[in-house]
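Only one chain is included here, represented as structure tokens and corresponding to the form predicted alone.
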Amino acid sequence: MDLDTLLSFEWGTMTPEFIILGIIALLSVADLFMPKHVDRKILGWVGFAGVVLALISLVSLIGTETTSILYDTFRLDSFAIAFKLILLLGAALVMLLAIDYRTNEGLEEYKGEFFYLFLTALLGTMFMASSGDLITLFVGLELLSIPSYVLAGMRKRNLKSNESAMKYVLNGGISTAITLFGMSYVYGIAGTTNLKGIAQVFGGLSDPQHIYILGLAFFMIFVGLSFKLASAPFHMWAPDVYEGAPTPVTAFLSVVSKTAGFVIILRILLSIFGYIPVAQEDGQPIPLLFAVQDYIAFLAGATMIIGNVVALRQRNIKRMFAYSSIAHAGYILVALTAMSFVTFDAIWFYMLAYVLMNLGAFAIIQLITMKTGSEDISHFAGLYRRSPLLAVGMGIFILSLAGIPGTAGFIGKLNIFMGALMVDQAHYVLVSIMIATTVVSYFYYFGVMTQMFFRPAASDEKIQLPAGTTAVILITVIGTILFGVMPNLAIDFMHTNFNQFVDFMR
């Protein structure tokens, strides 16, 4: 590739990625040469500023025409911009939590590493959102996964953290291998790794043997990526990793990493398997994606049931939220199963709401666990007397997670619910499971509420609120209520600026 060709690319489309990459390099060098006695918190603030700058640059790209560079391996379209907004918002809030994170396990000496490993994982998610090629998609996936394995084991003197990192590496390696095996079948039949080229080849497929092999490829790719989503029955790693990892890492995995998992699934499913004709109905071909809806529906139902039922028995707050996260993956899979005309709107809004309510909850969990040194739910007892604002904030997040009206979580669930019923073959069974499991979730969510408001406090000592964590709680409380009362603010913004939300193949 000569210099003229390189200069001909519209590199401005990668401005957010270049900003994050530059900050990673800066933090790596600064951490290497800074004296050990200097507080690494300053690196966190530099990283936070970089994420905010990347978010501003991304906002400036809203409304631009779909642009493809590097021979269509990197695409900036409405889909990429919409989900990068959520990824960068979540990353900025997690960075604030990480800056305030304190532990008695000597984590401070590794805090510089934490910040640039976290930003490297974020860069991987951004590449996944803009991938136009299987290779770019896989590189982004690994750029997310490998730093995540290290981050999960950052508490090096904690046996649970060591165990969680080992389980994460093993499960992640297996899932990556399965995903790559499925991609190899796709490449073998299509003869190209470019998503647009694959769609063009698969649109004209008629050989039943090829279609059968691609069916196997779909299941391998979907199963491999289901590990990333922590959807049942591929969720085994999540509770242990969530419990063992530092709280900011747990927040990152539950929000940013999960969003990236759904991004890559949407990219692959619609770009590849949405064009393979497997049957005819009324003279119209049925794409493979619609032929496997029952399988996705089964996974969605199992994920909702297992996540919510097992959460009932948890006493550790982070394990409880791990199973809650599994259940929420099931809710989003309901929208994916329906594939209605509101599927993208529903998934995007739900991920936005989930980022706000889950990160807000983890901010308060981090404060309580740092104060008490324990993650047992009983330590939330009497929180209303010790810190009324924290208790009210946690109550708002729990109500939103439970899907109570007036919160963003309710609107997110309602969008998914309506989307599943507005298709030609309404998914009544799946919607019934969604309603039933949501009711089940009230028991463990409201168990935390009971501890906070109706149980005596073991200590009357007030809880100090660090600046960064306070900002996270305020932003997430305002967002959770605002998008619950006036959801049109987010939905109209999306329709106005992303009027061609699904424009993979343009």
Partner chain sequence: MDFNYFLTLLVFSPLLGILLLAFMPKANESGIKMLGVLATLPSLILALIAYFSYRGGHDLANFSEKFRWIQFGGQGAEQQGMFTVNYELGIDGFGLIMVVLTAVIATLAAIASFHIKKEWKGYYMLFLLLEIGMLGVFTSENLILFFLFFEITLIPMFFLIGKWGYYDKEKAAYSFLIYNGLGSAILLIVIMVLFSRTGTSNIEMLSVMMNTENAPLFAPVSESLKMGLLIALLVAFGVKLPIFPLHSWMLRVHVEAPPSIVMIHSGILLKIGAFGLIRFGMGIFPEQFAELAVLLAVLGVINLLYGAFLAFIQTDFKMVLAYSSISHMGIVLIGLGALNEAGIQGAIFQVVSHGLISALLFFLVGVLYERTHTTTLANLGGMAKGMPLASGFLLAGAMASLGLPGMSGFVSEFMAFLGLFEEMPVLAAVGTIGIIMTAVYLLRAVLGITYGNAEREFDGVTDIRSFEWAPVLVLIGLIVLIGVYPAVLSEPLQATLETIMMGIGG
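From a predicted model like this one, the values you see are computed outputs, not experimental measurements. Numbering follows the first chain given and starts at 1.
The form predicted in complex with the partner chain is left out here; the points below concern that form.
Heavy atoms within 4.5 Å of the partner chain in the predicted complex are found in exactly one of 233 to 241, 151 to 159, 412 to 420, 355 to 363, that being 412 to 420. Every residue in the set L399, S432 and I491 has a non-hydrogen atom no more than 4.5 Å from the partner chain in the predicted complex.
Proximity to the partner chain in the predicted complex, defined as a heavy atom within 4.5 Å, singles out one entry of Y275, F138, F344, Y384, which is Y384.
Comment: the partner chain is not present in this chain, but in the predicted complex one of G191, G204, P208, P405 has a heavy atom within 4.5 Å of it, namely P405.
Mapping the unseen interface onto this chain, F453 counts among the residues with a heavy atom inside 4.5 Å of the partner chain in the predicted complex. Proximity of L55 to the partner chain in the predicted complex: non-hydrogen atoms within 4.5 Å are absent; the residue sits far from the partner. Using a 4.5 angstroms limit between non-hydrogen atoms, A426 touches the partner chain in the predicted complex. For the chain shown alone, V439 is a contact residue for the partner chain in the predicted complex, at least one non-hydrogen atom being within 4.5 angstroms.
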